[in-house]
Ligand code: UDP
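Heads up, the chain below is alone and in the form predicted on its own; it's given as structure tokens.
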């Protein structure tokens, strides 16, 4: 297959702004190339992904969807349901490029959680596969996603059933694609240090304050890694927990991050929103690190309660603290084994390749 991957418009690849979708695109691109498919990636200017082929598109970045109001698509002060883009938007520029080159590709794969690519699908001659990277966040996005599923059945891919459950009346078939990582990049550690880890974008929907509350309540140091997306929020959570033992290491490369993560007793996940998946969970498992998470969203599909970690009622900090006392029940080798069985690049490639072939066969 000749594939054209169209990246998220919220930030350059490699910047960390795109969160888990960056990792998903990177890993899937590697695996599709390994399987013999030809591939081109469209992404905002200044993107870097090792030696993967990228066409860089200039323009202004989109506002991050999860920071927006429920009824208005792009800002709280806008009229309900209004769709907006900045001047000279990189999103529109990328899809104008798609329009000009679409005949050169068998399939276009959209990684943007944004209204425009879904709307443009019916105007393109080449089929478009949409990886829906988040749960329901706005009325406008719900409407266009539901419409696309009805008009082009089978072209929407999702991470987990928990994510799909946030959308109303999707038309089958529903493709659950999960995620996968290059397991060779993550080293197993059987003897952790006396520390916990928290990994992800630092923004309100990630609930970092609950991670600091766990550190405060257990007196176990919390190592924090990730991009600071909301500086005011970051300052506030530190002020709210002035005595919590923690260390912030910044946004690290995969190699640097896993060196720290693998030595943690557990990864703490504290989402305040419905996580579509949670790549950090499988990164932890790959290192042999159990995951303690709220049951909200994707982690409930990843973590086997009592086997690879613990699932806790949402927003129950006491439950998170209690779970840390039970970490001795978890076999860290089992965590690694589950990662190898379910979340390898090979398994990822099998799921996506089948989805792509099904879309192309449907169009014949």
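Remember, predicted model here, so these are calculated numbers, not experimental data. Positions refer to the first chain, counted from 1.
Although it is not shown, the form predicted together with uridine-5'-diphosphate (UDP) is what the next lines describe.
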Look up in the model of the complex whether residue 283 has a non-hydrogen atom within 4.5 angstroms of uridine-5'-diphosphate (UDP), and give yes or no. yes
Any of the heavy atoms of residue 345 lying within 4.5 Å of uridine-5'-diphosphate (UDP) in the model of the complex? no
Applying a 4.5 Å heavy atom distance criterion, does residue 206 contact uridine-5'-diphosphate (UDP) in the model of the complex? yes
Answer yes if any heavy atom of residue 173 is within 4.5 Å of a heavy atom of uridine-5'-diphosphate (UDP) in the model of the complex; otherwise answer no. no
In this chain shown alone, the residue from 273, 233, 97, 246 with a heavy atom within 4.5 Å of uridine-5'-diphosphate (UDP) in the model of the complex is 273
Assert contact residue (uridine-5'-diphosphate (UDP), in the model of the complex, non-hydrogen atom within 4.5 Å, options 185, 220, 189, 252) equals 252
Of the candidate stretches 19-27, 337-345, 351-359, 5-13, the one with residues having heavy atoms within 4.5 Å of uridine-5'-diphosphate (UDP) in the model of the complex is 19-27
Using a 4.5 Å heavy atom cutoff, which residues in 199-214 contact uridine-5'-diphosphate (UDP) in the model of the complex? It's fine if the answer is none. 199, 200, 201, 206
